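This document opens with one chain alone, in structure tokens, the form predicted on its own.
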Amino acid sequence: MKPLNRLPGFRDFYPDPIPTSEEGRMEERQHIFRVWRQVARRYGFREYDGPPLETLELYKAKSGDEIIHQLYHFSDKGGRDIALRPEMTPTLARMVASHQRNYKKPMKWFSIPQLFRYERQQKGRLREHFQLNADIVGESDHAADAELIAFLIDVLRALGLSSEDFVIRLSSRDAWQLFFDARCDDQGNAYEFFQIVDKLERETPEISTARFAKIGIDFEEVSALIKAAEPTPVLRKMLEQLEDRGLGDYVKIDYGVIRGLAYYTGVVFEAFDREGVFRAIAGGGRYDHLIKLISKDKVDLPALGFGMGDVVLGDMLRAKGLFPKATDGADIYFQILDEALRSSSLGTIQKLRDQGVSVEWPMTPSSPKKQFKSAHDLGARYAVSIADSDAFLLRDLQTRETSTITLDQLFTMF
């Protein structure tokens, strides 16, 4: 009988030490989550979450029927068409549309959902991943755009990356819309135009030239706009604000970024490693009409946000050696060398744990040698055992020093 394996494109996360380098490491995932939450709190973002299952209609309303083939979707026992969430923004828009009156504007929210897409696996792209989603709702001033990008920069800096490691490429859908409107009267070709621009870096110039020609656009004029990299007034204002924060070295104008999703309406951006080894680390922008669309015209609020997945980010941090080393084990391994002392040992173990001390212990009788080996294997800092009614024998497993201390002294060590 064949062993049961995990599904392709999904990951297991093991505690240290991980069995092989191919497996996910739980401490790496938790390290990313801790930094995401720490920086979000510094910027005043509040955490939210939603269900991993949503109606299929929610995603079709945002992205059209073409998204269906990318989703894990099915009919439930109630006959509802539902899907595992492929992204968080539609859920956010639904939640905001339902209860935005209960919150002061702007609403600065973040979430760390697990997302699912049924698509071809590639380097840096799996069928599931965790993602930091950060959004500002209810603020039309572009100071919010600069605030969001500063947040993104500080997340990456807090993970140990510098301006030599990554850059935020700023662009504008408005600039591209003006470019398109000046050259094409048929707005029906606008979606195709944006899709071609979005794929410029992945297609040959010959293919892009031919695709632009079909909708009456000159490839050379497109290339000239990108090469000039002249910021719009909005982008110039954002650059000034980021420079005022001392973050100017982390951003540049790059109209090669356009974000293929149709719901973006203004400033868009993506974060890339400077060496060009990895896929985009993060991406986002303004989507001022999405909440109105999801609410069926009942709520109209400007919004912007970004998503940062853990797969590419993890690959980059791992390559640069920026993840923490293997986690320490328990603070104490409490040895029970005399079975007559098991009851009183358990009482002391509980008192230590009540004080926030991490304690491991032998659940079944075993030899002193085996217990000592267990203490080392579990990565404990100290081995402790009862010496007499008022004292404990303390062994420092790093320095090999042994001393006799009281319970109060043991408490003050942690």
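So that there is no doubt, residue numbering starts at 1 and follows the sequence shown. Computed from a predicted structure; not experimentally measured.
FYI, the form predicted in complex with a small molecule isn't displayed, but the following is about it.
Worksheet item: Is it true that Thr327, Arg381 and Phe411 each have at least one non-hydrogen atom within 4.5 Å of the small molecule in the model of the complex?
Response: None of them does, since no heavy atom lies within 4.5 Å of the partner.
Worksheet entry | Contact residue in the model of the complex, from Phe166, Tyr264, Tyr255, Phe110 (heavy atom within 4.5 Å of the small molecule) | It is Tyr264 that has a heavy atom within 4.5 Å of the partner.
Worksheet item: Only one of Leu247, Ala83, Leu156, Ile281 has a non-hydrogen atom within 4.5 angstroms of the small molecule in the model of the complex; which is it?
Response: Answer to the contact question: Ile281.
Fill in: Contact flag, Ser172 vs the small molecule in the model of the complex, heavy atom cut 4.5 Å
No.
Fill in: the small molecule contact in the model of the complex: Asp135, any heavy atom under 4.5 Å
Yes, Asp135 is a contact residue.
Discussion item. Contact with the small molecule in the model of the complex for Leu126, defined as at least one heavy atom pair within 4.5 Å: yes or no?
Written reply: Contact with the small molecule, yes.
Discussion item. Quick check on Tyr287: any heavy atom within 4.5 Å of the small molecule in the model of the complex?
Written reply: Yes, Tyr287 lies within 4.5 Å of the small molecule in the model of the complex.
Fill in: Location of the small molecule contact in the model of the complex, chosen stretch of 203-211, 217-225, 118-126, 231-239 [non-hydrogen atom, 4.5 Å]
The contacting stretch is 118-126.
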